[in-house]
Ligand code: 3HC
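Next up is one chain by itself, shown in structure tokens, the form predicted on its own.
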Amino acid sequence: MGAGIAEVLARGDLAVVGIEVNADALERGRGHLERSTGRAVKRGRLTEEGQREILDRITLSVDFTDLGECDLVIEAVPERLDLKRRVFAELDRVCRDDAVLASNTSSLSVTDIAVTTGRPTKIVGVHFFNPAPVMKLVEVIRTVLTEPEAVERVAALVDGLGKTAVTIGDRAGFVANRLLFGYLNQAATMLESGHATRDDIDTAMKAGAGLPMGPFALMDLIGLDTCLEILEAVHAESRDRRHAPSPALRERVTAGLLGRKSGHGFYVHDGQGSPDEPAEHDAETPAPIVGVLGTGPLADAVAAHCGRAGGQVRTTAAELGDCDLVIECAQDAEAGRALLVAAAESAKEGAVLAVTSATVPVIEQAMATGRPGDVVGLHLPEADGTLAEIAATVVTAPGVADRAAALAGRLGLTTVRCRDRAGFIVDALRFPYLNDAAAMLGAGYAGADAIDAAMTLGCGYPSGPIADLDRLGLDRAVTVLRALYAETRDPAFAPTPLLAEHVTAARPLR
């Protein structure tokens, strides 16, 4: 990170002094700089002359006193508070009184660092994301002691480097990591509970939520030890159960299974292809005959999937006699139960009956039909998306969930499996994360634009959480969260007051 930040500053035509702990570390840093800029030359993004100019702007040293005339010093040592405090004590001694000192911490309290210096008003956080030359987001963290002028100077510098500066308060994990790691930790807890498999969770979040990577592939990329360190730092401040590290994560770190860096984490990394690539379905198998009961966007989307796959659609209970799969697409649970009961009376023996609600237990709907062994949950997190989540209940007959998955696959849908629990996979992971973002907004900790920028620019999400809440619907978010809370009694799943207030007022968050 230190080499990456030095490169970013030098690319911005700034003179840079890079300090390392000893000569060996300094040579490793020099190697990072030369390789990074060299890759840019090979890709045609930088000329050889431009590379030389960048490297010539960087002076490398092992002597802290060489920082004496710097206007800004950015610390990028490992995430240990005692180490950072020692570094800042030395910076406080050798730097000019008007110099701003910044920590590139990703999770520790900047205030805890600032109060050990003689210049707490000039201490800020400046969190670059890895790799620093590529990632556009920089979180600029102010403490209650930081003078506004110091924050403004750093934010202006970041913007001048072609990055996007997001200025926020000093909370462990800041915006991106506080939101991201609550979600990652919940995924690990979901795996540990047996709710769904590693592969199904990763596939669900890619195909159903549009994320670039599944949570387990991402944790392996970040490093499980780094994930654990960040969660412990955030949990120490928040005491939120969502940030209490999952035993599934802690156990792997203890065993030395750290992800890609060690060759084994949640996945074994042996170069055999993408760990979270969904299985393909046989395109030669004919599409099924499907009953689509109900009206509205979901019913229209399911019918469209059938049409694209070349399948036949039946829309009334009287027509269900030859259906392989019957999907109730009602807009409320009571209507859905009535449609399912009617379907159970007229559908042929062996037809799969599917419940689409993610907030009413499938088992409750199944028991009302008189043929609960034929009933599964079949949830489309995005009505017009390509993911179908299949949930069997404790009374679903053997082979029925397999048949449901095969039928959905013949409609061109990617299928994953999970238990009969509120939210299935995608909504159970997505809406608590969105709730965390709404709580952050409601507390005035960061604005809507800053929160969205943190997740899109810092984590590569296709859209930010505040935009997602408005797109998916605040009423849907509150309904799913209330179902999760009713099931788990976990306070972290209770809808934040800001969401409930906006639902009552029928107003979006923006």
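Numbers follow the displayed sequence, beginning with 1. This is a predicted model, so every value here is computed, not measured.
Form predicted together with 3-hydroxybutanoyl-coenzyme A (3HC): not shown, discussed below.
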### Message
To verify the annotation, which of these, M190, L231, L180, L380, has a non-hydrogen atom within 4.5 Å of 3-hydroxybutanoyl-coenzyme A (3HC) in the predicted complex?
### Response
L180
### Task
Report the residue, out of V151, A439, V313, I222, that has at least one non-hydrogen atom within 4.5 angstroms of 3-hydroxybutanoyl-coenzyme A (3HC) in the predicted complex.
I222
### Summary
For 3-hydroxybutanoyl-coenzyme A (3HC) in the predicted complex, the stretch among 403 to 411, 241 to 249, 87 to 95, 120 to 128 with residues bearing a heavy atom within 4.5 Å is 120 to 128
### Query
Just to confirm, L218 within 4.5 Å of 3-hydroxybutanoyl-coenzyme A (3HC) in the predicted complex by heavy atoms?
yes
### Task
With heavy atoms only and a cut-off of 4.5 Å, decide whether M135 touches 3-hydroxybutanoyl-coenzyme A (3HC) in the predicted complex.
yes
### Query
Should S36 be counted as a contact of 3-hydroxybutanoyl-coenzyme A (3HC) in the predicted complex, where contact means heavy atoms within 4.5 Å?
yes
### Query
Does 3-hydroxybutanoyl-coenzyme A (3HC) get within 4.5 angstroms of any non-hydrogen atom of G370 in the predicted complex?
no
### Query
Is 3-hydroxybutanoyl-coenzyme A (3HC) close enough to G208, G307 and R417 in the predicted complex that each of the three has a heavy atom within 4.5 Å of it?
no
### Query
Taking 3-hydroxybutanoyl-coenzyme A (3HC) in the predicted complex, which residues along 86 to 124 bring a heavy atom to within 4.5 Å of it?
S106
